[in-house]
Ligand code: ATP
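Just one chain is shown here, as structure tokens, and it is the form predicted alone.
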Amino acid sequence: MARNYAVVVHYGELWLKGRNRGSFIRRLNGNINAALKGCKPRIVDERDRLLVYFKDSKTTEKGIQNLRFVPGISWFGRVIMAKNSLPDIIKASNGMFDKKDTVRIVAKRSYKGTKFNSYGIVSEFIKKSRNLGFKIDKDADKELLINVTKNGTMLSSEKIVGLGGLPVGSSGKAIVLLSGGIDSPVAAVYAMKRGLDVAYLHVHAFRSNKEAASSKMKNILGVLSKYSQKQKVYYAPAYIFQSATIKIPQKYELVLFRRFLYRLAEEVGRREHANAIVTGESLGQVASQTIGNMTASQHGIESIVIRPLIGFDKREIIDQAKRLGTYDISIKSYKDVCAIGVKNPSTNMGSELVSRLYKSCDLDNVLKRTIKLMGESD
């Protein structure tokens, strides 16, 4: 039985899914395989957890780093496998701690087919305490986690907190309106944490889609790819919209642009079989994000609009961007069409006014022309 190069993965929230649990776990299993591509892991379903076997220490360390980015994992950690016998469990614990360490024994018996129970495991460690490579104390901060399963006993001394949430793809598919700013990449990760498989739509101010794809967006998408390996991106030029709306009062441009973005996202959604749109909006953060303007901008949109950051303030979003690894890229200089500078923007446009302006600028035709010039990449 393998005694090294194994990692146990716990999935927390998925255990509450009842009859659908199996499909969620299979999805997580597939996502872990994709995240560990190149490590060639062997994944074993251990009822309420997954056991991931690696071939050596190098692939184990690489696998642990990649598992940090997989939504659906509650916590994980390296384990040493032992036979379901008290002497072998004691033996397997040797070398896990230093002699100066004080350790609390936390035992669990998931498999009831052994002659000993969890209390018996703790008692055996106490009896053998003089021969252990560490000290035992029930109030110690460090823990030795022991779990007896049908296929062997797992011993671990670490709990690495995972992303939590649901496996990507378990909640359907959405189109993320991705800008070059701070907010939308964070919203994308939060959407993935709730099980959404995402494709991205970026409307840009470059002369070509190729320029946009080779801009800092490439680096933002590189970070986001850690959270989901499948990645399809649509690039669309903004100049047709900007030319069509040049004569309207500037104070209306923000909300009209949001309406146009949603319509464009719906068209992309039809290609991708996605029925949701994800944005990085936070309530009241800017003029276009008042209740009135958000209502007006999404009027007539059939897809559900999901705003994962709706209750976040800017400092919270920045903190999350730093934690997720997108902040330093997002703050780099970029001509972002989603950050239209408008003096005295309207904060409460009605849906009828937005619809009238949309029609007067012939934005349905603009939409068709933009779609023809839209590019995509995987």
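In this text the structure is predicted, and so the values were computed from the model without any measurement. The first residue of the sequence shown is number 1, and the count goes up from there.
Another form, the form predicted in complex with this ligand, is not on view; read the next lines as being about it.
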query: In the model of the complex, N84 touching this ligand (heavy atom, 4.5 Å); finding: no
query: Touches this ligand in the model of the complex: L178 (any heavy atom, 4.5 Å); finding: yes
query: Partner contact for K314 in the model of the complex: this ligand, 4.5 angstroms, heavy atom; finding: yes
query: 4.5 angstroms heavy atom contact with this ligand in the model of the complex for V286; finding: yes
query: Residue among A199, I121, L261, M154 with a heavy atom within 4.5 Å of this ligand in the model of the complex; finding: L261
query: Sole residue of S184, N293, S228, S170 within 4.5 Å of this ligand in the model of the complex, by heavy atom; finding: S184
query: Region of this chain that lies against this ligand in the model of the complex, out of 109-117, 145-153, 274-282, 85-93 [heavy atom, 4.5 Å]; finding: 274-282
